[in-house]
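Each of the two blocks below gives one form of the same protein chain as structure tokens; they are labelled structure 1 and structure 2.
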Structure 1
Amino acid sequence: MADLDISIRDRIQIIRFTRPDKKNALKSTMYTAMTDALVAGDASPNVVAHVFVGSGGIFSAGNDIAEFIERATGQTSLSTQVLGFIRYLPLIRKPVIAAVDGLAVGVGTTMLLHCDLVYASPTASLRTPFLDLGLVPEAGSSLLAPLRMGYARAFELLVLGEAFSAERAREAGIVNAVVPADQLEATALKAAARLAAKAPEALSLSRRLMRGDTSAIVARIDEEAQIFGERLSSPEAREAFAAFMEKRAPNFRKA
């Protein structure tokens, strides 16, 4: 499909965001295609790992705000396409690696908390401006981020909406290593190849042990999704979405 390039190379499934005109913002059709690819890859003996990459110097600007606006007119839940994808993230059965160059916004950042290995270029910047959009953290990040980096840093990322540079994200334990942009994808693929060479059953069992009980993560995703869905049609979110489309700052006092 035009906005995604999904391929399998040397038993590694590469999911590349290719929607540069919209900064690789993720829309419904992309979520569906990604979920289908992850499920199929998990079931296929020809796939040993999944790798997410961006393109055009950006990882992803997060969820498509135009689709949020569509949902905000009448619907009070996340779309089944979005929910299908984020609910599958903790259930992915094979290793997931991300190569982050440039901006990773919203779900572009929170999906990284479900990856086993994350590599970032020096220009990578992780941001979750949920509050600026009148929204709340999603994709299990309200549970996973405090566990990963401690409450103080997680609050700065998720609630204050502070941008984390590649180096700060590495210090916080979201990113494994910062590598030059021209070596980023090769580094991710090399790590995937190293995993591909491991004993497959031992790899799968080790990963399952390390991931622990994923039902708590899925439960948190559902809890967040309920609130997030209701927030989409809130006056605060509507004002924020309108402001984004009109390329102006939001005014929450009148929301």
Structure 2
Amino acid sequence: MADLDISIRDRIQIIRFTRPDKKNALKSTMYTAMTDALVAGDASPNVVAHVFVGSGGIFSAGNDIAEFIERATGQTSLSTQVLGFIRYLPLIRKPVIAAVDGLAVGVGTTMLLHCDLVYASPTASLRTPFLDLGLVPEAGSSLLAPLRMGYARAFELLVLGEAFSAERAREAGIVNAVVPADQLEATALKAAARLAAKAPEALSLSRRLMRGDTSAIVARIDEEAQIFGERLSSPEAREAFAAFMEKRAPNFRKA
């Protein structure tokens, strides 16, 4: 599909966001395609690892806000396409690597918490403006972020909405290494190739042992999704969506 390029190269499945004119914002059809690719790759002996890559100097601006607002009107739940993707993230059976260049917003950041390796360019910027839309964190980030980086930094990222630079994200334990932009994708693919050269059964067992029981993450994703869905029809969210469409700052006091 035009918005997403999915290919398998040397037993590595590459999922590339190809909507640079929309800052690689994710549409419902893209979520479905990504979930299908991950499920198929996990089941295929021809795939050893999954690699997420952006394009045009941007990783992803997260949900396509225009589509999101249109679909959210009157809804009390996340779309099945979005839920299908984020619910599968903790269940992925093979290593996941991300190459983050430029903006990584919303789910573009929270999905990184499910990756095994994350490489970023110096221009990478991680942001989760959920509260600016009257919403709450998703994709299990309210559980995973405090565990990964400590409560204070997680609160700063998820609630205050502070942008994390590539170096700050590395210090927080989200990013493994910061590499030049022109070496970013090659670095991620090299790491995937190193994994592909290892004993596959030992790789699978080691990853499962390190990740541990995922039931708490799955439960948190469902809890977040329920609250997120309820928030979609809240006065605060309606005010935030209206402000976005009218290109003004939201006034939550009147909400």
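Here the rigid core means the biggest group of C-alpha atoms that line up within 1.5 Å when the two forms are laid on top of each other. Please note that residue numbering is based on structure 1, beginning with 1 at the start of its sequence. On a predicted model such as this, the values are computed, not experimentally measured, just so you know.
Q: May I ask which of the two structures is the form predicted together with coenzyme A?
A: Only structure 1 matches the form predicted together with coenzyme A.
Q: Would you tell me if residue 10 moves between structure 1 and structure 2 by 2 Å or more at its C-alpha, with the rigid core held superposed?
A: Residue 10: C-alpha displaced by less than 2 Å between structure 1 and structure 2.
Q: Core-aligned, what's the Cα displacement of residue 246 between structure 1 and structure 2 in Å?
A: So the C-alpha of residue 246 has moved 3.0 Å between structure 1 and structure 2.
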